[in-house]
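In the block that follows, a single chain appears as structure tokens, in the form predicted on its own.
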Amino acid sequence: MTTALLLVGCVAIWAFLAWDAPIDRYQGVIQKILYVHVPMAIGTYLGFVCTALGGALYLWKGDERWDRFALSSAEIGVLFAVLMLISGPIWAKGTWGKWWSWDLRLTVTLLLFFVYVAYLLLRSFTEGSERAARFAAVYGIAGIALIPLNYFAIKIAAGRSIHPENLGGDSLGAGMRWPFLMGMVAMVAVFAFLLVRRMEIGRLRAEQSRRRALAGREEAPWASS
């Protein structure tokens, strides 16, 4: 309960700072989507990096807890990716006059989303399979190659991207840095909260499956002979 209250407080401070931030002279009020869109991108990256980390540790140690960590991270990463792909086009429509443009960064972002949606589909169709878990671990590790490509897409595009530059401290106007940083902190806190809760659900499901399997063997002892 205390953790949830702290999380609500963190998000409330973020929302207040974003609301109180100055309005950009060129983009107007729609620029404030920055304080949502970029933190969602950070949550997406964090989710998929944790998926790869959990997969690598599962391959190394063979502990199913790391497999649950990878799966939980992928689910949360996809959730953040959906929110990122919703907020981005809204910002683009208000700023550039169109919802979508097939430039390199947007294309790689969409591809990254589909890669981990496919990861979740694989896991849902092969639940409980150790072989599928190992394949998914390798797949999840390979998928993060798209993250640095996504980040450096603007430089790779060499001026052909609709995104002007990667955001940094110097590219934020006066009064924008704190709401931007608080958005990052809030999204990391939200990610951690959701991950812990999703891991707990995964643990309970695994225990329930083991109890059912044990009960089935006790009811039909001849099946194991």
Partner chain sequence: MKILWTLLWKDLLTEWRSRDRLVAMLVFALLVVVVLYFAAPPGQGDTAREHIPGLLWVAYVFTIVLGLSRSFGMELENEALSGLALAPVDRGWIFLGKAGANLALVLIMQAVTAFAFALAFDLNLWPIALPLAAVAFLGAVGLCSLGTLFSAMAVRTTNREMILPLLMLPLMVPVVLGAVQATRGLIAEGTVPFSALQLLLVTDGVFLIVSFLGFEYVLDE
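The structure presented is a predicted model; accordingly, all values stated were derived computationally and were not measured. Under this definition, the rigid core comprises the largest set of C-alpha atoms superposing within 1.5 Å between the forms. Numbering follows the first chain given and starts at 1.
The discussion below concerns the form predicted together with its partner chain, not included here.
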Partner absent here, but in the predicted complex, which of 131 to 139, 67 to 75, 95 to 103, 82 to 90 has residues with a heavy atom within 4.5 Å of its partner chain? 131 to 139
Answer yes or no: in the predicted complex, does its partner chain come within 4.5 Å of a heavy atom in every one of 178, 185 and 188? no
Whether residue 57 contacts its partner chain in the predicted complex should be assessed with a 4.5 Å heavy atom distance threshold; does it? no
Taking its partner chain as it sits in the predicted complex, is residue 150 near enough to touch it, meaning that at least one heavy atom pair lies within 4.5 angstroms? yes
Whether residue 49 contacts its partner chain in the predicted complex should be assessed with a 4.5 Å heavy atom distance threshold; does it? no
Distance check, residue 156 to its partner chain in the predicted complex, heavy atom within 4.5 Å: yes
Can you list, in sequence order, the residues from 5 to 39 that come within 4.5 Å of its partner chain in the predicted complex, counting heavy atoms only? none
Has the Cα of residue 86 moved 2 Å or more between this form and the one not shown, judged after a core fit? no
C-alpha of residue 121 off by 2 Å or more between this form and the one not shown on rigid core: no
